[in-house]
Ligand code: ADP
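Just the one chain here, laid out as structure tokens, in the form predicted alone.
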Amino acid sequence: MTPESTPILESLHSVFGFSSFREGQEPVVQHLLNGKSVLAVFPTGSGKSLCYQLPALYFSGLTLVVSPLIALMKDQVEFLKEFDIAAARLDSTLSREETKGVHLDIRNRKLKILFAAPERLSNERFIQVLQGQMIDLMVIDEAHCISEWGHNFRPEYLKLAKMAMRLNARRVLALTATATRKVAEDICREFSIEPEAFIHTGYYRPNLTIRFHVVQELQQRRELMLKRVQENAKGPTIVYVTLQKTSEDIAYFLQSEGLPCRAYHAGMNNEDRNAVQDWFMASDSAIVVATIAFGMGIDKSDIRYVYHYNLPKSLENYSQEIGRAGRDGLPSACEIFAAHEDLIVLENFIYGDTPEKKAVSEMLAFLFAQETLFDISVHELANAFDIRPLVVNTLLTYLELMNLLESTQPFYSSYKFQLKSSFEEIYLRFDSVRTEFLKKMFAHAVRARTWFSIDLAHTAEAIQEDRDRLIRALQFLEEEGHLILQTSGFRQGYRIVKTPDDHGLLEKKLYSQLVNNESLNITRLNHVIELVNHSGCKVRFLLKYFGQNRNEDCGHCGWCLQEKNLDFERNSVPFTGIGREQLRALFEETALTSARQMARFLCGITSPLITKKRLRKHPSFACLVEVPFANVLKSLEILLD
């Protein structure tokens, strides 16, 4: 069957309401129907979802969509259900009963399309449910996260290629709106995508006007922001900021001027964030002041304005964020208001991810001192060695890629259950063999007031049964309504494949990779400054960065419209005000032990150790927040010498 065949075109029209394919969609569908894996790089809002929704109708098995975007999952499931396409999602917003229902539908093969977060594929209960299912298509949304060269590298994405093989996925569709040449190469290599199955439609958006302004004072930025919003015609608007506090401050400022505005950031609870999203989706004039998470996966075609109150952290982020404007093809405006303070905040985020070299060494020594089979908690490692959890995950992934460690099954260390039926009622439903097994298992459950806890590792060893059988039994009893099951204490199992010959060399190599990542992210930030300062067509500069050449100026960016703005020049604030005696006193008060830890503390950058010691309440925390981290670190190293 091909996209030109009558059934495909009929489905395109009757199910999705389209008379023809958009650019790029047809070859993607063609390759998938032919059994090939595909990488599709389409601009935001150009119809990536249809590329898996349509062929999924013609696959006999399940289409598994892996996406970090809860809003996208929610919208897509609601859309598909309107057309009687069996779809479901698994994410953190579902209740226990809803999750249980989805698991049951998967087991009974009732679903066509299932949406799940990448972290869900580290959930042993979910893997148990998926195994044995026929997965005709595995979709990797935001696929650029798989590449260290990408702007949003996520270690768990590196494991998706192995998971696709483990689940026997027949084909893979990798989707992203932003991928440089290097990132695209990484994605194609990981998923064995052939060159002809890399479909790229380009990044040019002729309906977007992009403008840039450098401001010297924060009050000037507020006034310019307000002026823009008031002078432009009303329309759905996103104002992007870096910090949660800025989101709330600017939203309050715009509200005080009588504008329909709300804040949105990760510090809000799910209910409040969902309320803001729903309000924004239903409005033709709403303004949301948000950190970068807002807009991802939200299918609103009439966003007229996207403002960056703070600098974006990379051109990839910038391209993705302005891509949310004008998806309906109508004229839309995007504008950056850049200030020197932005650069320091963004650089500090980057520098805060790089741990102590000594911490990396100590973590490696700990890992390779374990038994051949062992398990760890990322949270515990982060606290023990003062390394941020994302970086702990990255280091563990590197060790897997070096074939020194091999991840085994992830699991929960703690299982709890609450009975809905008595033990006697449960036993009556099974034959004598299964009843004897259940009695042995439940004999090791410890009762509190209403919940029983059970150590599965200890129980499995005590009754000489496989741990997986215990899990399957508990899941079955939950599905049958006999108990409510809760899990906690997520741990990842590992096997030591090979002990490193030279720990010092390994430590040096891993730390070098972390420093290189730091340098790469600083370079990405500098590319944003280069775009702001570029004397020429801004659109051509942006397209060239993504490997797309345009032979003529766009005619609709700030430069082409002959707008002038101040050049963005780095303000190098000197390190002053702390002498050796004061520094010595700070080390004693905080119990910090190195120049990098102290630099984080003074610049207001959190770490597991700073959080654990509650040092954010110390009067000197963030006292040098306006000084570049690199300046503080260098000066501290000189003072400590």
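Model, not experiment: these values are computed from the prediction. In this text, residue numbers run from 1 along the sequence as written. Just so we're on the same page, rigid core means the largest C-alpha set that superposes within 1.5 Å between forms.
The next section is about a form of this same protein that is not shown, the form predicted together with the named molecule.
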Interface membership of E480, the named molecule in the predicted complex, 4.5 Å heavy atom rule: no
Using a 4.5 angstroms cut-off on non-hydrogen atoms, would F79 count as touching the named molecule in the predicted complex? yes
4.5 Å heavy atom contact, R22 to the named molecule in the predicted complex: yes
Though only this chain appears here, would E380 touch the named molecule in the predicted complex if you measure heavy atom gaps against 4.5 Å? no
Proximity to the named molecule in the predicted complex, single hit among L586, L57, A595, L50 (heavy atom within 4.5 Å): L50
Can you work out which of P27, G61, G45, G604 has a heavy atom no more than 4.5 Å from the named molecule in the predicted complex? G45
If contact means any heavy atom within 4.5 Å, which of 36-44, 610-618, 587-595, 63-71 contacts the named molecule in the predicted complex? 36-44
Large Cα shift (2 Å or above) at F337 between the shown form and the other one, core-fitted: no
Relative to the superposed rigid core, does the CA atom of D141 travel 2 Å or more between the shown form and the other one? yes
Checking F115 here: with the core superposed, does its CA move 2 Å or more between the shown form and the other one? yes
